[in-house]
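Below sits a lone chain in structure tokens, taken as the form predicted alone.
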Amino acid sequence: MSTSLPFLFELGVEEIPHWMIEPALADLDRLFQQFLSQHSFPSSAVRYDGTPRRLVLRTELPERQEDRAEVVMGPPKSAGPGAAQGFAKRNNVAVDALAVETTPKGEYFALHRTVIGRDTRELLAEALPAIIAKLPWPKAMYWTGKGQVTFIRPIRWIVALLGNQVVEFGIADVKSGALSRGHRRLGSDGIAFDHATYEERLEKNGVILSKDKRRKRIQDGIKKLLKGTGLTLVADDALLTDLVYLTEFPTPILGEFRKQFLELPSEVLSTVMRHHQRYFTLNDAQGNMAPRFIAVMNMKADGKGFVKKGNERVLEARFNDARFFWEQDRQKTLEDRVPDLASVTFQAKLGSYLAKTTRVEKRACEIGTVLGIDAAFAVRAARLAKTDLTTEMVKELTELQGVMGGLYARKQGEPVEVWEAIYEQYQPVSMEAPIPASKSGQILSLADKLDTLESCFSIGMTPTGSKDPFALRRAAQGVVKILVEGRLRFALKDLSPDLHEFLLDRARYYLKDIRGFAYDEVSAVLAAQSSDLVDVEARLIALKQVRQTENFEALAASFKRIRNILKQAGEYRDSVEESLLEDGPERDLHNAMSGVLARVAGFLKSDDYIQALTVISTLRPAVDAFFDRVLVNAQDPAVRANRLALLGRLNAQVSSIAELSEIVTSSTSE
């Protein structure tokens, strides 16, 4: 076995967008693992790091491939000596070197040979240019001329070292070497290092390579800045991750703004600071927004405060703009803005937001009728919901659509039920986020999302693969979450078949991955054809609980057997003729079923699925005895048909709650 050597690959580029770095490292891992597998290298730990200016891979690799035995199959022996000679000639060996291998298809000529392993450095030199070129990016650019290699940003340097030797290759006029580069302002452009000192040398040149160290530096710096101030940080993990990948040497600084700006809605101030300037917001001791902020600069220190003052000036200008928009927008009521929606396009084939508003109003009214809820507030909210798209504030701060509509509606005296519904209309923003708190907000959000889904499905705009330009999957997930968590009894089967199935697919994801129900439990309940997701949840809770009881697993296995018998039989009648029942286990099962199913029917009237399934599980002894001592496929056609009817009746009643044959048991999972 050859000696293992450290391998370091660093791809140096212009600044990569922060949100692309982690996916790029995942793709680099995927492509490099393919290289290792292709060349039969042993698997070893691979470390990946990324900053705005570099993607880094480090691992241990053998100095050369191991030699390996290989068998090359040739023509069948029955093809004769001529075929054997031709095969030997193509492989540059004498006919005497060939062997005969016996296979299921007969005897074949074969060549046993040893393939000499190649130097790892040669293999890397061949593979790395292709790996770089194959890295997928949401957008890529040419920087050396049309038709050349594309990449997210221009490649400026490449480090590729196996042991102490450079892996020599080039891509787009950039040659690999042994020198790295430091921070754009804090480091030098020619950093020599060895494998043991690589991270240390980078850090001395202003680059903290580890994302975890950069994250800790930001967190520790913030704690130090806030110590003794009475201020608390408003946590934002997403912003923290962004800043980790926006910097190579992050340093937090504490800034401030004029207290007068606190007269603006906190949502506006927070959006400007967090989403546009990437500042952390702070609260005072009373839990109110403080006129201070935390910025993170890509420098070691701000000794003279120039960076702090620069950030404060930029924030002052943005807040002044926001204050102007806040005052100007309120000079026109939301009601007066409704006609303006005619000039705002929802989708080219689906018309304007005014047309969508009309549809959503109607849908909100229909949902209220179905749910037995007075939807007057939701309908009013639907009329005003999209009008903030015409405001200057939302044109500038698009993240605030809906939120600004709610704030403007409150200022203009709309009822609390109306402005809250407008404010909440885009909730939930994810499967982990909360649904609208108010019933009017739930109805409005549901109506809006269903309209988007129905409209897009009507013109064939359904998600395909990773493409989902109108975020229909997110809208469908929102519909599912609102229905279940809002306890809204709404039948999905009343929608178009395609949309019904699309929503059920999202429901499967929600119930399994978010709520934690077992996949076979979800399959069993959805197979019962219930499209009321509140009802589906109740059945799942019952099934999960009753599944733990003594008789359940064996009974589920029996129902799988029943389903298979009925499937093989094809057609069978509905009614059971008691005169054809044989005394013993067959009649005992019929009698037990009659009593149990009568009790189950009573429990189902009150949706008490736990009691219904508990009672059903008591049938296990009778079912077991039936299958042990009764031949379903009796010679007498009348008896056979009657026994199928007996099993069919049992299956129909139980599968109306959940298809127990879908449950995976120890006997069905082997």
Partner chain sequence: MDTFQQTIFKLKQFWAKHGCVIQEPYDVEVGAGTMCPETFLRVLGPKPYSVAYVQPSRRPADGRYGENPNRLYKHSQLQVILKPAPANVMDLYLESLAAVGINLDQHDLKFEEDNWESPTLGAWGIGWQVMLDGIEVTQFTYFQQCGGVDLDLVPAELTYGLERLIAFLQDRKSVYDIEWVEGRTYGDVRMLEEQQFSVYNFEKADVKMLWTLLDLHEAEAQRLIDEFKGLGEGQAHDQRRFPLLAAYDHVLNCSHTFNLLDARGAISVTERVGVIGRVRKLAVGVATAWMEQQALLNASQEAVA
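From a predicted model like this one, the values you see are computed outputs, not experimental measurements. Numbering follows the first chain given and starts at 1.
A second form of this protein, the form predicted in complex with its partner chain, is not displayed here; the remarks below concern that form.
Next item on the list: Give a yes/no on whether T464 approaches its partner chain to within 4.5 Å in the model of the complex, heavy atoms considered.
Entry: No, T464 is distant from the partner.
Notebook entry, point to check: Should P17 be classed as touching its partner chain in the model of the complex when contacts are defined as heavy atoms within 4.5 Å?
Noted result: Taking the distances in the model of the complex, the answer for P17 is yes, it comes within 4.5 Å of its partner chain.
Check: Is the gap between R561 and its partner chain in the model of the complex 4.5 Å or less for some heavy atom pair?
Finding: No.
Notebook entry, point to check: Given that the partner is absent here, does L495 sit within 4.5 Å of its partner chain in the model of the complex, heavy atoms only?
Noted result: No, L495 stays farther than 4.5 Å from its partner chain in the model of the complex.
Next item on the list: Could you tell me which stretch in 453-461, 106-114, 133-141, 220-228 has residues with non-hydrogen atoms within 4.5 Å of its partner chain in the model of the complex?
Entry: The contacting stretch here is 133-141.
Next item on the list: Counting non-hydrogen atoms within 4.5 angstroms of its partner chain in the model of the complex, say which of P154, G177, P291, P129 makes the cut.
Entry: Among P154, G177, P291, P129, a heavy atom within 4.5 Å of its partner chain in the model of the complex occurs only for P154.
Next item on the list: Find the only residue in T281, S438, Q427, N311 having a heavy atom within 4.5 Å of its partner chain in the model of the complex.
Entry: Exactly one listed residue reaches within 4.5 Å, namely N311.
Check: in the model of the complex, do G145, E316 and D321 all reach within 4.5 Å of its partner chain through at least one heavy atom apiece?
Finding: Yes, the whole trio is in contact, each within 4.5 Å by some heavy atom.
Notebook entry, point to check: Mind listing which residues of 324-349 have a heavy atom within 4.5 Å of its partner chain in the model of the complex?
Noted result: Going through 324-349 in order - heavy atoms within 4.5 Å of its partner chain in the model of the complex - the hits are F324, F325, A342, S343, V344, T345.
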